[in-house]
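You are given structure tokens for the same protein chain in two forms, set apart as structure 1 and structure 2.
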Structure 1
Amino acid sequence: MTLLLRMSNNGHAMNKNLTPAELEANTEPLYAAHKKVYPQAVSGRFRRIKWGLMAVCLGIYYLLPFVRWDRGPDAPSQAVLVDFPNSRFYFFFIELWPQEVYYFTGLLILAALALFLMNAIGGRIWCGYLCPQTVWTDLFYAVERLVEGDRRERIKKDDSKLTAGRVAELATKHTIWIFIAWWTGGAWVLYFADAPTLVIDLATFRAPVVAYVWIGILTFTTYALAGFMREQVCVYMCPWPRIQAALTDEWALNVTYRYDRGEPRFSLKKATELRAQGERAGDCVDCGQCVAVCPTGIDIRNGAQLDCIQCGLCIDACDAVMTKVGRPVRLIAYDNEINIERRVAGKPPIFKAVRPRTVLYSTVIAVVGSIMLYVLATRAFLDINVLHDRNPIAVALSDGSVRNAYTVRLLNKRAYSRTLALDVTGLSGAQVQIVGLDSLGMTRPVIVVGRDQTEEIRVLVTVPSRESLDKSTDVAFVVTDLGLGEMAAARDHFILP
């Protein structure tokens, strides 16, 4: 079959009689080969914001495990700690147990909604300024520029032959990269054990094997993602660019080339001549600086693109050029198509940060956050769970009394031991006995539960006569702290045979 359909350079389909060889020679590949990106250094407002956020984010990540928080004797003193052996999560004054995992669910909901709100207001703010991939890639780029030079020097060195000096530069760069990646992995494991102690154990090779394994895994992933894959993670691996496109609207501010000002493009000299003759010339002098500084290597003048992480560096680069050529800044800015159309029509731009979408996100964030704060502020530090025996479900004794057996679990979330009294209400004349505890004849059996512990006990409840009971009677197990007076209760049933 020689009648084939081919796309021409201007995007229109043409019918041609092509042989297979001609088709192969004239057809562009479906996927373009990856080209290494060499971002150029730039200074300006958005670059300073990125430096500041990088310092804050990395400072928190690396130093937070060493922050101390006094929780009393025999309690962990690390401010943020994931304590797997004792099944606890500590965050300053907050201590969470495994059964309180719903707090993490709430945090994930808040994080997602905050991401949606940021997207509705300023596009991919997260990607451009706060994403770990962006932060560490920026750090690796800074090391690369420090060792190898800026964009032109790096391109020239990569195109030239290897020399002893070049090998030394590469070795220095990769050594620093590996050190950063290693400390990144090391800092992560410090959140799962006492940081100063674990650092000493790691240095003396006495730490658990799993710590070395995870440091190795995270060192490799940081080194590979920030040192080599870089923008490919944002373009091909991360799902957020695809998701956010479905969540944005026409009012969201994105890094935008204001083509109403920039077009038609001419060189500075040609634009000056045209303006002198009274003809129109755009502010864009086609210098290419916006492309040179882009960490993903795109041309923002081609419009909104999936590859753009909205970091604002092209704004800084363009502003610097506009200042030099004596034109107004913000030819590239956070803007939207609506304002471009309004300026073309001679209308002033408008910005609508408050609109139904942002109000909805903000309201849900406030509601979910308030619920979490209320539950956290009013949560109990004493809890009780009751499980009725299933076999036998009830026992009739020889004296006519009836006994039910229960497994009761007491939870003491305080940092000290507590003396607890157990009561069973809803049964007249019931006798409560704790197996293994000499509580026979006691109306309120007492048990001591250690600090930050759970205690499982077997409880026998006996009623002297069955005549006054229905088939099943609701009962409440109430545990009371004899010191603080704090109480907790759980309901179950007393069943007749």
Structure 2
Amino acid sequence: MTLLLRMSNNGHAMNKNLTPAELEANTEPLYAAHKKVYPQAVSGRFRRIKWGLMAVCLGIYYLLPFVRWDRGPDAPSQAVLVDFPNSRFYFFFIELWPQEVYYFTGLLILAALALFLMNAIGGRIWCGYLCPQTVWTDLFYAVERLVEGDRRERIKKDDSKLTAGRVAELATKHTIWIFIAWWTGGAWVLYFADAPTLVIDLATFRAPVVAYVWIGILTFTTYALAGFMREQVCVYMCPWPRIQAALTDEWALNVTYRYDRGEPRFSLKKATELRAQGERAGDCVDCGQCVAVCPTGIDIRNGAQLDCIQCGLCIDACDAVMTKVGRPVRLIAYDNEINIERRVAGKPPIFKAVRPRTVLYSTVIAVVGSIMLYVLATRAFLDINVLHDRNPIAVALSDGSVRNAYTVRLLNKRAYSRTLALDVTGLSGAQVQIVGLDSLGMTRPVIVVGRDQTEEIRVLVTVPSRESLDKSTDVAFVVTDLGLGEMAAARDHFILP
């Protein structure tokens, strides 16, 4: 009962209809005071899944920068690398140039859709198992538990006076926290430079200042977010719970208290008595274990709520109690309102993963994914950009011929240097000259562009006579790889003075 009152004071769980007079008299503060949460240790299937996923997520995050990938002698050998100085992004066999950053837009769309799909099938899977906030907070709680003890001890210790032993304990906890936070920040910067080299540079204080600054920033944010702000990030800062609540439907499986089975609640003794008399008693023995283990400090029996990250730990806690009292497990389970109503009506539960919503999400994921794969597989490794001289736009030469000058940039995205020929189409009898290039004995200018490089050239296009030309003529600059035959073209204009 006190628990329920506390929840209503919190303001999220229950919506009371207040009369204006009651509103007037309501002196509740606008902001809920922070109540520290002391989650209790729990074991069971979902706890094991969470440990496993934590190991996988943290393992990927901390170790990925050290994975090597051979790209030849002059290229970085780090599998995943954001190379800002050279404007390149490497991901295993993929190398992206700055102008291809739009691929990340596709990835973001895919990520959002995957989040929606997860939500439509199993609720806040992301929040409960995969979100960095959850993973790091879980890790920090594990440290706290290891150093200070479980829920009861922590509550008691926080209430008692500081002793030397207690100070030592707190110091130990915060030291470990800061170490984890520092390692988290340290791993982050390794994605932006050659990891083994940077580790040595960092250790010998020869790394760039910006690396230390970023490690400092991320150490602080990790320490603050996972050590202190914890569930408040989910409840007050994160937009996803609000969006999730608007996106969910009645078929989505959420961590649900099966009140059809649980209510009415009695103590174990009373329930046994009632059942012996042939009267109905709910399975919930009101032991409060589901509340004790909750990392956001809520009572799942109040129904679906914004604060619930659906980590499933209350399922583990309740299952343990149900086993002990000899009742069927999964009083709290991944379930939905439809099935509760069906059970009340005596019908078997149904689970519908395939519905218009999930089909739509899957289809869009498949379409976007296919488009991205297609674009990635067929992207050009040769490109050309043309910039027409603005001043002067056109030049009359002494023999009456007309010249336009262009700045042309050739892009070679291959890992080897290439010999490229340049043609200008759309003009008959045009002479194409690259400044600084001896085109002796060549029918068209040819230029070598180094591996993974661009080359800027100045191109002069001269037409012998202005007769038969319009004020502006469409032309195309075509570059051809003489080895592979690969081609790229850019449109521009030839303009008369």
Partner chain sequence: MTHHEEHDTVTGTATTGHQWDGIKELNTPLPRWWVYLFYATIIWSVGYWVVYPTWPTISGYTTGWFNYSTRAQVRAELADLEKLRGEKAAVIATASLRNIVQDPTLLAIARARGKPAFGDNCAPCHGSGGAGAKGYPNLNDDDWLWGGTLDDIKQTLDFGVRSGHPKAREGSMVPFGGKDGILKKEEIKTAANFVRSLSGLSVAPGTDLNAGRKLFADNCASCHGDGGTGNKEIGAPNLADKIWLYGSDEASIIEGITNGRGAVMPAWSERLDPVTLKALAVYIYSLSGGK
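One-based numbering along structure 1's sequence throughout. Rigid core: the largest C-alpha set superposing within 1.5 Å between the two forms. A quick note: this is a predicted structure, and the numbers were derived from the prediction, not measured.
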Selected structure - criterion: the form predicted together with its partner chain: 2
D474: CA movement between structures 1 and 2 [superposed on rigid core, Å]: 2.4
